[in-house]
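What follows is a single chain, given as structure tokens, in the form predicted on its own.
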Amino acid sequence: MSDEPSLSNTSDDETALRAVTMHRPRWGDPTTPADLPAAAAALAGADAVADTGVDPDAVVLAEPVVPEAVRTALVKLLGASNVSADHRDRIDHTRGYSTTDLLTLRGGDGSDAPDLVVAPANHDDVVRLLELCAHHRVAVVPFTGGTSVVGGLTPQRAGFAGVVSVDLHRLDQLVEVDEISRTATLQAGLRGVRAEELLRANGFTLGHFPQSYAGAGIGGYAATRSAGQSSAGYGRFDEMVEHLVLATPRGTVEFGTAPRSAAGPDLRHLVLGSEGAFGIITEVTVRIHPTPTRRVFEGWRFADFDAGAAALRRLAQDGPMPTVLRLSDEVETAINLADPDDLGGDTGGCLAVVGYEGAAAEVDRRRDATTEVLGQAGGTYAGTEPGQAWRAGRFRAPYLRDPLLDAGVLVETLETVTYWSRLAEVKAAVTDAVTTTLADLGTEPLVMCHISHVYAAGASLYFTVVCPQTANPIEQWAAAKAAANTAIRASGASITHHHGVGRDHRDTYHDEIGTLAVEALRAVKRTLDPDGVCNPGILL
């Protein structure tokens, strides 16, 4: 095509990023904060700027309550420098990055902080500290990047003699690259950005780029069944995992002997998505791909969301499949969330972002075939600029939440997945539920939606909600989220596609899978974690 950018090389934005150590209660690298675009505040109805001074040192923490015998034993096991009750360390391991998490900390409430933060050096350390904590009934929360948005880092405290956050950052090695099998073995504390750097040095890519990429880690990807933004081409993380190692209070379990084994149920999937409820993942072996030599990202416009969804379904069911395939609805397109630097700068219809990565000839083949399908489906080619804008801005979008919260604007996301035949019904039901609930509370919300991941049978819907804050924004969002959960289940959709269950979705998840299935999962937990110390209250 005539406006082809000069992208047929191996340069890429992903490896230019650096791993960011998150310092609550703000997102990402503090040296590169986001300014609030005027259009964002205006569209949300915000006309006043709140106090932006958030002092982590002012967050109130309770005195650590872990028994001294446990602390002494942890110091002996891990070394004094790897056992911390420091105020800042505890805050940085408190909660995750949902808007509720941030508002809680912004309000000075650190009641969910762990009592200790510990850093094991290897798998055996993890097993021994789990045995120790189980013996003394101390709850244990695994931590890689800490980017959960569903309460996955906020365990139940009642009935336990304290809470220990197990930061896996010392388990940060690329253990092995098997070039013949095209697999790599990664330790769970390895950050996503660093994993990609190490793999690229060996000529490979993992291809997993969630929006939390700069802050998230390999263990978190596995524990939450993460779906990166390139899932159309590379698959979800749980589809990549061939083998994993789990440390439990009763010892070590390994799952995945060989690809596609038929030796009984695939027990990997008891651990993938388990969010630390059964133990701590310390290592995974994943499928990898040759580093792409060509990448092209472009935009396509459709008259409306239904037309765009039909086009994406044709690709998902009949091929070809691009690497990235997303569709914004009319509201999201109008605000132009595809380009955080140009909010409010779009011109109507619905925008699809289509991306291709791989060997040059394969990219050209898939691109030509996809162009034909999208054109036949009523799409209009919009050039490479929208695709490149999305690609350049996709990791900057989370930075916008802090200035929005500073300005008194509530902003949060939620997502679900359903069958194509129910897609329009689910989208309408969730939009109506959230809009009605927030309007009843006296605010007029913007509810935006995009298709973020596609499959032959269905697709994920990802909603962004923006509105002025009420006097109690935590209760405000809790009401909207409850209404959305009810609408999702009433429409027959799943409570989550890639954010996990945590505490926020736990009750609705139990309703989704049914009482007998919940009992089966609890039986697994009793076997692997009989004292119930592994992330209690999360998932189960």
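Note that residue numbering follows the sequence shown and begins at 1. These numbers come from a predicted model, not from an experiment.
Here the subject shifts to the form predicted in complex with a further copy of the same chain, a form of this protein not shown in this document.
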property: Heavy atom within 4.5 Å of a further copy of the same chain in the predicted bound form - the one residue of 182, 87, 135, 396 that qualifies; result: 182
property: In the predicted bound form, the residue from 400, 73, 102, 272 that sits within 4.5 Å of a further copy of the same chain by heavy atoms; result: 272
property: Contact at 123, 127 and 144 by a further copy of the same chain in the predicted bound form, all three, heavy atom at most 4.5 Å; result: no
property: Region of this chain that lies against a further copy of the same chain in the predicted bound form, out of 23 to 31, 58 to 66, 471 to 479, 488 to 496 [heavy atom, 4.5 Å]; result: 488 to 496
property: Partner proximity in the predicted bound form: residue 407 to a further copy of the same chain, non-hydrogen atom cutoff 4.5 Å; result: no
property: Partner contact for residue 377 in the predicted bound form: a further copy of the same chain, 4.5 angstroms, heavy atom; result: no
property: a further copy of the same chain contact at residue 421 in the predicted bound form, heavy atom, 4.5 Å; result: yes
property: In the predicted bound form, residue 318 touching a further copy of the same chain (heavy atom, 4.5 Å); result: yes
property: Residues of stretch 455 to 489 in contact with a further copy of the same chain in the predicted bound form (4.5 Å, non-hydrogen atom); result: 455, 456, 457, 458, 489
